[in-house]
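Take a look at this single chain, the form predicted alone, given in structure tokens.
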Amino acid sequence: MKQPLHTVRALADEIRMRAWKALEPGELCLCELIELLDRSPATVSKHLSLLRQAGLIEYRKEGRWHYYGRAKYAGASARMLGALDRMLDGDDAVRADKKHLNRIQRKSREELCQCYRKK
């Protein structure tokens, strides 16, 4: 019972749910997530930390870049999160995030990194 509750609590926030959904297609750099969510680096990092603690996302560092991606799920967790993904596919905010993320990914990471360091 503890793991499902931990998962649901971690996703019970719009910013964390948007971040988690943005990672559906694949890994993103921290600067891309900061730009997408339009929050300070500290705020985004805190939200990502909570998602990591719940086992929903994974983290890796490559040089000065910090990358986040979804964790692998199995069993009941995979079914629950798959259903959530399908529910969110029709959400207006999620659709807007996908369009915004496409624009963000046209920029270089160096350009994005400079932008979020000023926030």
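All values derive from a computational prediction rather than experimental measurement. We number the residues from 1 along the sequence you see.
Only in words, not in the display: the form predicted in complex with the DNA, which the text now covers.
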Inset, instruction - Classify Gly63 as contacting or not contacting the DNA in the model of the complex by the rule of any non-hydrogen atom within 4.5 angstroms, answering yes or no. - result: yes
Inset, instruction - Determine whether any heavy atom of Glu24 comes within 4.5 Å of a heavy atom of the DNA in the model of the complex, and answer yes or no. - result: no
Legend entry - Ile104 within 4.5 Å of the DNA in the model of the complex, heavy atoms: no
Legend entry - Residue contact check: Arg79 to the DNA in the model of the complex, 4.5 Å heavy atom: no
Inset, instruction - Using heavy atoms only and a 4.5 Å cut-off, determine which of Leu36, Leu84, Leu30, Ala54 is in contact with the DNA in the model of the complex. - result: Leu30
Legend entry - Stretch 31-64 - residues with a heavy atom within 4.5 Å of the DNA in the model of the complex: Cys31, Arg39, Ser40, Pro41, Ala42, Thr43, Ser45, Lys46, His47, Leu50, Tyr59, Lys61, Gly63, Arg64
